[in-house]
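This document starts with two versions of one protein chain, written out as structure tokens and named structure 1 and structure 2.
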Structure 1
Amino acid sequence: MPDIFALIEHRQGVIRDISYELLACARSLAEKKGVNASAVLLGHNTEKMVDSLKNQIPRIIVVDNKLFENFNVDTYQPVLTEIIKKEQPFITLLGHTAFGMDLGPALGTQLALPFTTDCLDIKIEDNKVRVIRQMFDGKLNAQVLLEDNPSYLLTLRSGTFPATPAQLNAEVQVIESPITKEPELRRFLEYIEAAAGEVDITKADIIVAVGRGIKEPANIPLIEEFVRSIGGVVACSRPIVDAGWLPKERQVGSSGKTVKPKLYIALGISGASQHIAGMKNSACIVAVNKDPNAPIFNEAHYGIVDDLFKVIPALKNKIMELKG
């Protein structure tokens, strides 16, 4: 019976949240299709990880070897190729993460499987697999039909499939690593932790974040002044850091910081999924954007559709009035 496979992602000895999302998705697809769901775990010293996965899934395939302590596409890919060839799962699920982006397309190509990336939803009807994914800066959804095949590979967007709990007791199947040598062409050297920086934006109650709508660095003092009136910190989207207008420690999002302030004001930020990932749990989100269709308005609690350079001075005046 073909299974639904979920590839476990871990880093520095810890299972990453996406793994639980993949497991929940695998269980739900398996149930709909009337097949089994399995986790595939490549790692080193995996006992603890296996323990924390055991109640999540009926079967765990474990390959334990020093080679898999850190993710490396050149060690993961040959092993997964063997396992998938042998087991012929109906669908293999990976996270659309730094790990899955490196591995998924290469693995799908090597195995000659129909695959696609960054899926938000999966529909199975009569063995046909359709996925929903986003295009054009998240402004449109696309329904995509994958070519008919007995086996597929998909990467799923983080934070999209809820990690619902389960009460199972997995059968653990340990297999020998088919590879034993360090890969010759690509070697993992080390992790580099983010520098702490001057300000820890994760501690602030109020965050005012600027995006590309700020236009030029000369406009940042205007925002800093506004932030002083309201009492908070300035943060930003990625392009502001890429351009060198604010330091990396101010970046909110999947490749920056995750924040949860009481108030998050997004100024001229479109609301790309990678930005949303870092701020969606803020207690109150206010978005100012001149584009009424900006995806940020689907996350914000309150929105102002206007030019931020008009809104900010008006808002600042009101706050000054109130403070007297």
Structure 2
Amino acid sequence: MPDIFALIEHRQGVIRDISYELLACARSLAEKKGVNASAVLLGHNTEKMVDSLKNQIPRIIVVDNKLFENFNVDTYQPVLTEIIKKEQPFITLLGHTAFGMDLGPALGTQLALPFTTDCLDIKIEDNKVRVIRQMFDGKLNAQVLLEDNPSYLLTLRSGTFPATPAQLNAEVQVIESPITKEPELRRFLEYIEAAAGEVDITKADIIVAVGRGIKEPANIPLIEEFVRSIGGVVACSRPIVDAGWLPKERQVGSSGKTVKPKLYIALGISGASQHIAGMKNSACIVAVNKDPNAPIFNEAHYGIVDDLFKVIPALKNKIMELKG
């Protein structure tokens, strides 16, 4: 059976975190299916990027040309089309990012391949690949069974697979670009960094997320005081953003951000699937909710069934004690 491919995403010469998650996924699937895993990198002056990938995957296909210094679907698509036609991989993985959602449909249309987006999980059972994806803005999870033929294109949501390290020594295959000039229709002009919010919750080691259980916005300062005392940041579920109590940049979930902190404390969050999708890979999850049947407890490593306003002082004292 053909390889599992992972398409590498980079920005300004730096490989993006989602690419390492794709590599971990590709390795896992390849091992279980008894096939090989390969990374595909299009870029310019790629030596440093290749060095950072060498121990992550058995094989790297590299196309190095000034045309690929910055992403442009009109340059990437024809090159990747040729590579995929030649190699016939079983699955080609892309990140569920602006990159993947621009490139994936273009490849799917050109190659006439099935294209499945927003994958939350990929499992192999009885040697069959089963993909869990979200539909209707996260209101429905669908299971898709992949037959051994044809090839498939999948976008993987950030946080689905932890970027586990590997100790490999990749074979690097450098190929010439089949195109030599930039297309006339669309050209890359410049990269403009999006305005950063007050806090980037995706980089935090400790996150305290609040839901409907905080009752009213007047209680947010109490939560913020608790969070400062333990060195974390405040996040929230979608209802808090919809109510205007916290900005969109603080939202965790399928329509917000995906986070993977060392400690995630969920206060008054019931645990809808959309929220779970954004935090399920946190290293340690502590949930506080008055409802013993709240779905969040199915994901939590530790659960406390009580009023969060009673729990916060005790939790603060215990965490401070552990931190010394």
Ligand SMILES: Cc1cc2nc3c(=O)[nH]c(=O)nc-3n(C[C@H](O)[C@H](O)[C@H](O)COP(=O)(O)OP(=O)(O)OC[C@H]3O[C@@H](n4cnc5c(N)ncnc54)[C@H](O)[C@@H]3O)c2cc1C
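Residue numbering: sequential along structure 1, first residue numbered 1. Between two forms, the rigid core is defined as the largest C-alpha subset superposing within 1.5 Å. Nothing here was measured: the structure is a model prediction, and the numbers come from that model.
Pair member which, unlike the other, is the form predicted alone: Answer 2, the form predicted alone.
Cα displacement of Ser229 between structures 1 and 2 reaching 2 Å, rigid core superposed: Yes, its C-alpha moves 2 Å or more.
After fitting the core, Pro178 CA displacement of 2 Å or more between structures 1 and 2: No; Pro178 is a residue whose C-alpha shifts by less than 2 Å between structures 1 and 2 when the cores are overlaid.
Did Pro313 shift 2 Å or more between structures 1 and 2, C-alpha, core superposed: Yes.
Inter-form CA displacement between structures 1 and 2 at Asp126 - rigid core frame, Å: After core superposition, the C-alpha of Asp126 moves 6.6 Å between structures 1 and 2.
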